[in-house]
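Next up: a single chain in structure tokens, the form predicted on its own.
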Amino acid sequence: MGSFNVVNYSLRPSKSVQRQIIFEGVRLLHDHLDLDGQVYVGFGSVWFTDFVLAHKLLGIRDMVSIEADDVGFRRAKFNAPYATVRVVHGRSTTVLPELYKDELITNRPWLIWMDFDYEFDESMKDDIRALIENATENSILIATFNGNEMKYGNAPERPERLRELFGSVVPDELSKKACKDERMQQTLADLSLDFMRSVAAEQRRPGGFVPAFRAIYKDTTPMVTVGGILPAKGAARVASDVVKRESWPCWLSKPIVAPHLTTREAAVLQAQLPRAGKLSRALVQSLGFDLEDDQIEAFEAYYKHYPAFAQVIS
């Protein structure tokens, strides 16, 4: 059963915040890298939320959505938001090799977001390795996967499981503590980025791999998003300079855990921002409702990206 039958991906606030931050970063890269004719490749499911952002925010016309589920494929074709979205039936491991040979897109930079809903595994590792080997210069590669510690075995087994997945980039001294609780998501983010960089070095890509995206978010299950740029040789310094800036939005030290607010609550809080001082719980209470301190802090941090949901009754 496709995950679209379980979760409406367009309605998760933390995921929505994360998605907008990622696209904000890619838009900044458009100002500095040669990304003309960029193609978007991803998993649109039946919602296509990221595809709409890719078109509206980045002006990307040609997009490919990969869908393995039989029913999901028919629904995705029906729900495709634009005439230039091509829905391809199959798993990424079989579809991607065909896309590498597709003359319509093969010589253009790709924005690839492999937005998986399961844990990092061997098939995902193979996809990422092949993408780094085959993607054209100035492509941007992003991957999202499940960071729940239990997906990687029982506690004593996790360091060895990570060695199976990421190979030599895993330090010999990796402890069981580093594979537990929220530390597991941080460990997965660091190791997967190191893995991507090592694959680019193995493939001797002229511009290497520039890590640029590192974000953990949680609506229910903790999810890890990582990625970077596969720049042309002459663009590696430019790409590195952009992502090293203090203003670069896509390297997050803390997980995104956006509060679930009503439309009215979000609107009232938003009207208080930006402000010189921090939002306090006492201020929120004076507005007529109440939130926990961590919910207030999270909303203040991400209010510019907080989604607005509403039910329309006709």
Partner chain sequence: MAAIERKADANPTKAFFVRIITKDISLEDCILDLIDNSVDGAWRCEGSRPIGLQDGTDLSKYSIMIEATPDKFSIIDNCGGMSLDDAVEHAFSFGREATEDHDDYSIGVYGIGMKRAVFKLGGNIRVRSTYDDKGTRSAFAVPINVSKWLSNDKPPWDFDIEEDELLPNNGVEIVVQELTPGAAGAFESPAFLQGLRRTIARDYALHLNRGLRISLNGSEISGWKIELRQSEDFQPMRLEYKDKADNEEVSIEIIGGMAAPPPESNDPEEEADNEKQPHGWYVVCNGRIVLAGDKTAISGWGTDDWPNWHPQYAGFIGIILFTAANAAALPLTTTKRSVDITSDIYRRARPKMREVSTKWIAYTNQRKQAADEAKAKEALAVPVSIYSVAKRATVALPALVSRPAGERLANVHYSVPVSRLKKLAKELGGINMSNREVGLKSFNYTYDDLVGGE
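Predicted model, so just to flag it, every value in this text is computed and none were measured. Residue numbers count along the first chain shown, from 1.
If you look for the form predicted together with its partner chain, you will not find it shown, but the lines that follow are about it.
- Stretch-level contact check against its partner chain in the predicted bound form with heavy atoms at 4.5 Å: of 179 to 187, 146 to 154, 71 to 79, 104 to 112, the positive one is 146 to 154.
- Its partner chain in the predicted bound form comes within 4.5 Å of a heavy atom belonging to residue 168.
- Although the partner is absent here, residue 117 sits far enough away that none of its heavy atoms falls within 4.5 Å of its partner chain in the predicted bound form.
- Of the heavy atoms in residue 98, none are within 4.5 Å of its partner chain in the predicted bound form.
- Within this chain, residue 89 is remote from the site of its partner chain in the predicted bound form, having no heavy atom within 4.5 Å.
- By the 4.5 Å heavy atom rule, the three marked residues 160, 194 and 202 all count as contacting its partner chain in the predicted bound form.
- In the predicted bound form, its partner chain lies beyond 4.5 angstroms of every heavy atom of every residue of 246 to 267.
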